[in-house]
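The data below hold one chain only, encoded as structure tokens and taken in the form predicted on its own.
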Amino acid sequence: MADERGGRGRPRGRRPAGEDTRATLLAAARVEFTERGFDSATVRAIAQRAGVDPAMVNHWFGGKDGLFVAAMEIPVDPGRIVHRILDGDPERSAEWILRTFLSAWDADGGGALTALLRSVASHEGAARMMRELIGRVIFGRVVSSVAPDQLELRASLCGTQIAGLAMIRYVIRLEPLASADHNTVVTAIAPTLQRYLTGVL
């Protein structure tokens, strides 16, 4: 029997044992999401680029949303944020969101988000990813769970606080905000973020 790998390119279906299917899917997803955006990138196209069965996306990530979160290395799980908000006091949502992000970011100096922020001005793919990250994946879901109206506007306004905080604290490193403790940051920013989430605009 001829070796199915010999001279025929990558075989279809599941990858051979020993290959890191999850990592390959993440790499393929980053390319597809950057080139096509969240809405146009399909699970089938990502799986085809990775050389795996599309079912592997659900197996490893639970679907396209989960794959996006993992591929963009978002430091928090938007679904977890939504569940926590719904289980708690909606009027304290901003405080919990800020503490969640600050804890995640401080653990790795801002992580992949800082690289994305550095790229948005010169790379349209990065800018598109940031728009979708803020407007759809993170705050689109959060706002739709608590806000009374104007969901898209509220998601955008929330994005100004989170993206702005990340830019100043981890990219520009403007003091004293760059080294301020979490309580100081939350006390200063949470009231504005909370108004964007649930208050009168």
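Residue numbers here begin at 1 and follow the sequence given. For clarity, every value in this text was computed on a predicted model and none was experimentally measured.
The same protein also has a form predicted in complex with a further copy of the same chain, omitted here; what follows describes it.
> Would M130, P176 and Y196 all count as contacting a further copy of the same chain in the model of the complex, using a 4.5 Å heavy atom cut-off?
All three within 4.5 Å in the model of the complex.
> Tell me which of 30-38, 47-55, 64-72, 164-172 has residues with heavy atoms within 4.5 angstroms of a further copy of the same chain in the model of the complex?
Selected stretch: 164-172.
> Test of understanding: in the model of the complex, would T192 fall inside 4.5 Å of a further copy of the same chain by heavy atoms?
Result yes; T192 sits at the interface with a further copy of the same chain in the model of the complex.
> In the model of the complex, does R84 come within 4.5 Å of a further copy of the same chain, counting heavy atoms only?
Result no; R84 lies far from a further copy of the same chain in the model of the complex.
> Give a yes or no for A107: in the model of the complex, does one of its heavy atoms lie within 4.5 Å of a heavy atom belonging to a further copy of the same chain?
Answer no; every heavy atom of A107 is more than 4.5 Å from a further copy of the same chain in the model of the complex.
> Taking heavy atoms and a 4.5 Å cut-off, does L157 contact a further copy of the same chain in the model of the complex?
Taking the distances in the model of the complex, the answer for L157 is yes, it comes within 4.5 Å of a further copy of the same chain.
> Pick out the residues of 132-146 whose heavy atoms come within 4.5 Å of a further copy of the same chain in the model of the complex.
Contacting residues: I134, G135.
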